[in-house]
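What follows is a single chain, given as structure tokens, in the form predicted alone.
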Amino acid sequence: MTDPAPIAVYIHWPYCSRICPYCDFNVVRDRRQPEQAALAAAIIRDLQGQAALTGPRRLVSVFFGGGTPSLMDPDWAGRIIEAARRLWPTDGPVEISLEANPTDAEAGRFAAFAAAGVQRLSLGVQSLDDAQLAFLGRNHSAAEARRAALVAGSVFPRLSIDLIYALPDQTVGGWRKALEEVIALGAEHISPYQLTIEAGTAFDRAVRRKTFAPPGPDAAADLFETTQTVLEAAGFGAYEVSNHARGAAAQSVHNLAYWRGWDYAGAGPGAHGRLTMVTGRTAIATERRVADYVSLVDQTGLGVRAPETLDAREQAVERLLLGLRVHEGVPLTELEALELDARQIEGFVADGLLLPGGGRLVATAKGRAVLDRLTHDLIR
């Protein structure tokens, strides 16, 4: 008998103690709203409804994102984890991850989250420089970040640290020093993300007012290359454009589910998912406002609005965009609907952007550095 297909579960907890100026996620200020208990209960009911749509599946991961899920009651997290395990049983390991900010207050709750079932912490350090943290609108200091990383390393079996680079006036030397300091904190997974100015954010308005300017393309490329060089020398393999791990066991199972085109359920206000149902592979998105989400779950047993069945080309485009981000690439059999130009692919191979043959489309390190342009040209 064939094992059930894998499924990952994403839980969106939208509350934040402060809204960062670069953030375009679905977030709200945390004022200890009484609705939060109702939201946790609605998330569980939403998962129950989505499990009825998918049928038996093999759970591989649960990821609490946001927002700041480390602000939630750890008991609620435990109940959600228990529900996911019950709805999609598995005999194998299940990666349970939670995003957290490195404030002293949140670090004081780490042990409770570990007791609730969280094994992997994704710590939003972002920088170890107080001036940069102030620019990024973060509510923790560099000293708090160092303390939180040490506590997390002693509590959770797995620790990942997030960083942001390509900040105004950031130098290659300064970024190299920052990476080396983060490596010394002992995490087995580091995710350095280039600062992106998202439309509608406070940073977008500031850039348009010329309050500051992010580094130009050449400077950003130098910082990207420095990232690869420093982390690779320290034993961190770049298994995805912005994700580096010390060995395969340290790679994020949950994120790999996205990049490999597996199914994932999304619950919580503004969550997204991909579910294979009787109608085909379906894109789901939940109501964004907390009250609307809870109300919809109460009425229908699902927080999903207007599910959309993806046609073959839409699925192939998604596989290309996500799959080329990973070092393993994408099987060409999953891209047939795109009718890719073989001569164009040969040209990209000759230019050193793609690896030759093997029945897969795989971007080289050089290709991943210009991935947006490469995928655009392939799809076109």
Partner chain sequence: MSTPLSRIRNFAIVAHIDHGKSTLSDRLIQTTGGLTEREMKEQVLDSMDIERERGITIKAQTVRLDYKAKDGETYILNLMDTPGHVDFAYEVSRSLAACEGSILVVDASQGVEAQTLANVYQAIDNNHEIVPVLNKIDLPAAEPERVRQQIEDVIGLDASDAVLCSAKSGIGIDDVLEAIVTRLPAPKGDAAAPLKALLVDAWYDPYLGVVVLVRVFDGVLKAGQIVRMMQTGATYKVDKIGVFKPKATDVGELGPGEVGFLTAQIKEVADAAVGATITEEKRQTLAPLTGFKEVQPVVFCGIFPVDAADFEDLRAAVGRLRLNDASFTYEMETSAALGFGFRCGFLGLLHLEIIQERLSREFNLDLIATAPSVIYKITLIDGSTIDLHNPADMPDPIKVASIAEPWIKATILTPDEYLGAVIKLCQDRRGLQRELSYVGQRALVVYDLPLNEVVFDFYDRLKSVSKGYASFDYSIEDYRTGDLVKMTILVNAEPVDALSMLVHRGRAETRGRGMCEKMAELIRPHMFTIPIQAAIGGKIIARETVRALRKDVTAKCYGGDATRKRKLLDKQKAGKKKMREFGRVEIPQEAFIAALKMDAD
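Note that the structure is a prediction, hence the values are computed from the model and not measured. Residue numbers count along the first chain shown, from 1.
Another form exists, predicted in complex with the partner chain; not displayed. Remarks below refer to it.
With the partner omitted here, the residue from Asn139, Thr276, Gln194, Ser295 that has a non-hydrogen atom within 4.5 angstroms of the partner chain in the predicted bound form is Gln194. Residue-level contacts in the predicted bound form: of Leu353, Leu39, Val330, Ala51, one residue has a heavy atom within 4.5 Å of the partner chain, and it is Leu353. In the predicted bound form, no heavy atom of Thr90 sits within 4.5 Å of the partner chain.
Interface membership of Gln251, defined by any non-hydrogen atom within 4.5 Å of the partner chain in the predicted bound form, is ruled out. Although the partner is absent here, Gln170 sits far enough away that none of its heavy atoms falls within 4.5 Å of the partner chain in the predicted bound form. Residue contact with the partner chain in the predicted bound form: Glu308 places a heavy atom within 4.5 Å of it. Of the candidate stretches 72-80, 242-250, 141-149, 229-237, only 242-250 contains residues with a heavy atom within 4.5 Å of the partner chain in the predicted bound form. The three marked residues, Arg29, Ala111 and Arg289, fail to reach the partner chain in the predicted bound form, with no heavy atom of any inside 4.5 Å. Contacts with the partner chain in the predicted bound form, taken as any heavy atom within 4.5 Å, map within 296-327 to Glu308, Leu310, Arg313, Glu314, Val317, Glu318, Leu321, Leu322, Arg325.
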